[in-house]
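Next up: just one chain, as structure tokens, the form predicted on its own.
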């Protein structure tokens, strides 16, 4: 809506929103957004229904108050509003629910039930998603109360029907305000539960670590929405050139696609000496055995060891790379996921269902190395890439407080002092550390693990305790407080199931803590980029990729290092553990080493 001069008028907000209940920066303010209609707000025992463009309303409150926004999930609340408005702080009910309760459900009904101390309701979504403005809801019965006789969130409220049922706008906004008030009540219950979680740090800095983790998880959920909206800059011409060089020109039609596929297959089948369906693992395994290779399967890592033994194996490995580009990252993938603005976009999750790493769809988390040259900064910009160095063993040192391993983290290359302690070469030291975290006990890994037991007994005891809990089907929590639900997985009594749970728990207490450190770092970097032209465009396991104006490259490098030091000071307070990041300023992702 614009006035006669064509300028959007300032949104009209209740004075008490700005001056009363939310006057203190960081005070909780719950919001439910109705796209195109307005917002429902709740704070301090009061609620408001505010019509108008939601992005303008949120931006106005953010500028005036800087609250901690409370919402059922970032996707549901602001999925259509970012990146146009920057919100500094939030409490994401779905994200904090996953931290507190683990599992795969984080829909509003499950979140409310847990916050209210009720049994988890039946059904529900496995992941929170945008509920409103879908244009697909045409249901009656929307006059029901938000809570049923058992205190559970009623279906029409939990799935958003009451907010998109064709009722008068004023009535829908009133419901949005009531739903926001419920969100605020759930957030207060979550905050009490988080504060009651045990603190594992030796010398706490600032808020208790679980509170910091809840804040970082919430920020990561908002960052996930922003990553999807912003996208990863991709040079489409370079990408098509890479695909074309590997798989040939774009097929004209289905028949041409069949012809090109046969042309890719021919050099490989010729090396094997006869007809062969390369897409059939059983046939490939039989053909390899026919050449004298007695291998149990056709996994790439196994075949790579044999690449120099026969031209057919080398040809097969080359074919596999081309086939992956053709089928998963080929022309169709580019057409589906790269928009006209040259950005690759896919849905993001702030935490997978296992240890809590950020994940993405559309191939963003599995982009082949061959395509990295296509990830390129736009004109007037650069990519700033930062990679946490040897983060999991450094995290192990922090969470276990093993004095010897803590001392090793002072070195830029942690494996060098570990090698000295084990009286081994660096390669063996690396195997030993990985064997410790992943529970490998056979071959060279087993021998290396025995050396680790002697050199770093406290770290190994920490891992063994986690493994024992997993084997026994006991739930465990990460260093930051995330629940890993293992009791639910204890139904099978098979030895293999016991062992698998044990290995999962052994690694998850490290990988999960590393994910929490990473997200806290990413949240700090996100805050530091506010008000600049720079954005985070990729979170890849232990790696951050920023897209910033060329003139801001130096500041971005300083921000990454400073944010890591700040995060480590809070997260690993008193541990003495040193965290490092390798930072590079490049034009193309492939240029970063």
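Numbering follows the first chain given and starts at 1. None of these values were measured; they are calculated from a predicted model.
Another form exists, predicted together with the DNA; not displayed. Remarks below refer to it.
Among the residues 331, 498, 293, 438, the one placing a heavy atom within 4.5 Å of the DNA in the predicted bound form is 438.
Just one of 309, 369, 266, 195 comes within 4.5 Å of the DNA in the predicted bound form, counting any heavy atom, and that one is 369. Listed stretches are 346 to 354, 455 to 463, 238 to 246, 94 to 102; the contact stretch with the DNA in the predicted bound form is 346 to 354, by a heavy atom cutoff of 4.5 Å. Relative to the DNA in the predicted bound form, residues 279, 297 and 434 are all within 4.5 Å by at least one heavy atom. The DNA is not drawn, but in the predicted bound form it has a heavy atom within 4.5 Å of residue 361. Although the partner is absent from this view, residue 541 contacts the DNA in the predicted bound form, with a non-hydrogen atom inside 4.5 angstroms. When contacts are judged by a 4.5 Å heavy atom cut-off, residue 409 does not count as touching the DNA in the predicted bound form.
In the predicted bound form, at least one heavy atom of residue 507 sits within 4.5 Å of a heavy atom of the DNA. Contact annotation for 302 to 325: residues with any non-hydrogen atom within 4.5 angstroms of the DNA in the predicted bound form are 320, 321, 324, listed in sequence order.
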